[in-house]
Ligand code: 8ID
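Taking the form predicted alone, here's one chain by itself in structure tokens.
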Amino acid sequence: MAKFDVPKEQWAQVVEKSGGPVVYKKIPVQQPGPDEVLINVKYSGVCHTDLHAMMGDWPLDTKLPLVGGHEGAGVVVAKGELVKDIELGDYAGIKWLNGSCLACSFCMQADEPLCPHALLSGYTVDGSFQQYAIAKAAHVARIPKEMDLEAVAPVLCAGITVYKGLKESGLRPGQYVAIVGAGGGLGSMAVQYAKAMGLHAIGIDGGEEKGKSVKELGATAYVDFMSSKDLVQDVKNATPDGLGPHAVLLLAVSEKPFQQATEYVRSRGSVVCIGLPAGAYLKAPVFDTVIRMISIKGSYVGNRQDTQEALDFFGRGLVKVPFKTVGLSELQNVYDLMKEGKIVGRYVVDTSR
């Protein structure tokens, strides 16, 4: 078994007050409990949820001070005495779901993300924007050694989340799915997972740059909401029979797209809400929803099985995450770009700089 020298201190990005900014500073390295592992985080993806955690604009209290991040890929360097199925030196990933009770009715039915006692990385417990992070061993992603930790990091939230959403949609191969926010971090992966699952993706986003990226990733069509004169009709026209897509994945970070989706999804279609715009509401006409038999549902993060399936798609080369890597010290700059809506694909931070 490998042995690692774990330092007493480490570099981390710490949210000291709601609204930020993050503070790049040294903090102590924690020791894992009996059922936990300590992961030397090499890379961590940056998710829009991390921005919400810093701003404190969700109706869910964060711990303060807080180390954000929940897409951490690294190496197990210490473990508790109860951990038997992970060895030191193994690759592992820290996900949004840091831990759950494993005993409630949700955990017992593979719905552990719904556990009322769930621990959330980078929100209710410290996450992956540090060099060494702790997670419950039962819930860390098992990453095969042949995988590139830098490239796989964004799969640990964005990839798992959109893959789960596609499963929840009930879509079958050959059907059409509209992906709203297709040019963003989640959307860029949703397009690829959809293609890998035999689906036709219609990307919806704003701007030519995002359109070019979405088409290159495998989307059948792209609808630019910034230039479209009639978005609802344009989305319908992107399907062969003009009746609209069989499902919609809503990954947007603003409210308006959530109100539009039922207008262009086809009858008996599913509208799957994944994005979490702060303070947003859903609104749909009851008459239309009933007589067209439209399903509206939410999809949260994936369970442990979803995680391994999502990683398998990545491992087979069917999903390639478009990302840009910067140093952990530059995290605030990434947040600033997020606020301005200027990010195409995903940012990854390297904890060594």
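Each residue number is its position in the shown sequence, starting from 1. The structure presented is a predicted model; accordingly, all values stated were derived computationally and were not measured.
Omitted from view is the form predicted in complex with the named molecule, to which the following refers.
Handout entry: Triple contact flag 74, 126 and 151 to the named molecule in the model of the complex, non-hydrogen atom at 4.5 angstroms
Key = Result no, not one residue of the spot touches the named molecule.
Exercise for the section: Although the named molecule is absent from this view, report whether residue 254 comes within 4.5 Å of it in the model of the complex, heavy atoms only. Expected result: The answer is yes: residue 254 has a heavy atom within 4.5 Å of the named molecule.
Practice task
Using a 4.5 Å heavy atom cut-off, state whether residue 119 contacts the named molecule in the model of the complex.
Solution key: Judged by the heavy-atom cut-off of 4.5 Å, residue 119 is well away from the named molecule in the model of the complex.
Problem - Proximity of residue 180 to the named molecule in the model of the complex, heavy atoms at 4.5 Å - result: Yes - in the model of the complex, heavy atoms of residue 180 and the named molecule come within 4.5 Å of each other.
Handout entry: in the model of the complex, residue 338 touching the named molecule (heavy atom, 4.5 Å)
Key = Contact check for residue 338: yes, within 4.5 Å of the named molecule in the model of the complex.
Handout entry: Residue (of 54, 311, 37, 47) lying close to the named molecule in the model of the complex, criterion heavy atoms within 4.5 Å
Key = Contact check passes for 47.
Exercise for the section: Please pick, from 274, 217, 238, 199, the one residue with any non-hydrogen atom lying within 4.5 angstroms of the named molecule in the model of the complex. Expected result: It is 274.
Practice task
Choose from 244 to 252, 127 to 135, 74 to 82, 190 to 198 the stretch whose residues reach within 4.5 Å of the named molecule in the model of the complex, heavy atoms counted.
Solution key: It is 244 to 252 that comes within 4.5 Å of the partner.
Practice task
Just give me the residues of 190 to 208, first to last, that have a heavy atom within 4.5 Å of the named molecule in the model of the complex.
Solution key: 204, 205 sit within 4.5 Å of the partner.
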